[in-house]
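Heads up, the chain below is alone and in the form predicted alone; it's given as structure tokens.
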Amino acid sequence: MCDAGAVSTANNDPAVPPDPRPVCVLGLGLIGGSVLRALRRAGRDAHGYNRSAGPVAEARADGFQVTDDLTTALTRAAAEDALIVLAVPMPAVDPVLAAIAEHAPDCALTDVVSVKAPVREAVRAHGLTDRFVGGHPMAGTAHSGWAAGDAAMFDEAVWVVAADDGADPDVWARVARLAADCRAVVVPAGSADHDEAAARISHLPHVLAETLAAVGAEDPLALTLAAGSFRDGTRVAGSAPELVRAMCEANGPALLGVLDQALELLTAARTQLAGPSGTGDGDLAALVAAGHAGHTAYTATERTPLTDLRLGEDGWLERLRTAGAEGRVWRG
């Protein structure tokens, strides 16, 4: 177990020691498969599970220890005191948690699902909260499946590690070490705060990309002329539709709020562009200025080191949340 009074490391980063214990990854899609590959690159002992036999066969051919039997994977995880990584789509979370509660209830547990509050609530419903710390690597591509995975997927990517009240410092340390061993940088955040932020910078972009792609497809000539701006703006519309729906719909309340904000901006821009005559002789000055300022703020955002914190000390979770909100990160 992590000593709650552990002395900070020499560079004042939180004391997050190496973790020799195995990792069990449940789900071998793009993210789960990339986690398994990144852990092998880091020299970690890791094994996995996937419901469909196809990805299991592919992963085995690539030299990974995987199974399509969930009970087998969880029995092994329980025997090894493995950290279990839930890497299944949101609709599959509940039945997998039920299996974990039955076969490996004492294992440390995290997830890489794109929403945090709904997963945390599902974990609570299955009585697994005490051993759970949520996670979300902010990385991915428009592709899916085992073959799309990449050991370098998380290099220098942000990996949110949830700092919710009641979190166990040992489990938090294990999840942070998992992220660091995948070469990501850790940003602590509360689950609700994460979901609000993800709605703005991940889920709304998916909705807008789908909209841009649908509008562009109305005109064959437009598709012929399409170049960089259309390509970049619609990239994530190439993601598997069922995965996009599962991600965005699971964060419906937060997404609805930011979608309303986007619609207000677009409605105001339309009014301004219509101009006095209503025929399009106005301008887009306000929207373009606001967008440029937002992009400038994004490109100027810096990651500063998370320092002077000992896991488990009084107020450590609140301090983690504050540090994350200030843009501070931890690197292993």
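Sequential numbering from 1, following the sequence displayed. All figures in this text were calculated on a predicted structure; none of them were measured in a lab.
This next part talks about the form predicted together with a small molecule, which is not shown.
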query	finding
All of 30, 51 and 88 with a heavy atom within 4.5 Å of the small molecule in the model of the complex	yes
Partner contact for residue 140 in the model of the complex: the small molecule, 4.5 angstroms, heavy atom	yes
Contact flag, residue 96 vs the small molecule in the model of the complex, heavy atom cut 4.5 Å	yes
Distance check, residue 251 to the small molecule in the model of the complex, heavy atom within 4.5 Å	no
is_contact(residue 234, the small molecule) in the model of the complex, heavy atom dist at most 4.5 Å	no
Stretch in contact, per heavy atom within 4.5 angstroms of the small molecule in the model of the complex, of 288-296, 51-59, 37-45, 259-267	51-59
Proximity to the small molecule in the model of the complex, single hit among 92, 209, 151, 157 (heavy atom within 4.5 Å)	92
Among the candidates 145, 238, 205, 105, the residue which, in the model of the complex, approaches the small molecule to within 4.5 Å (heavy atoms)	145
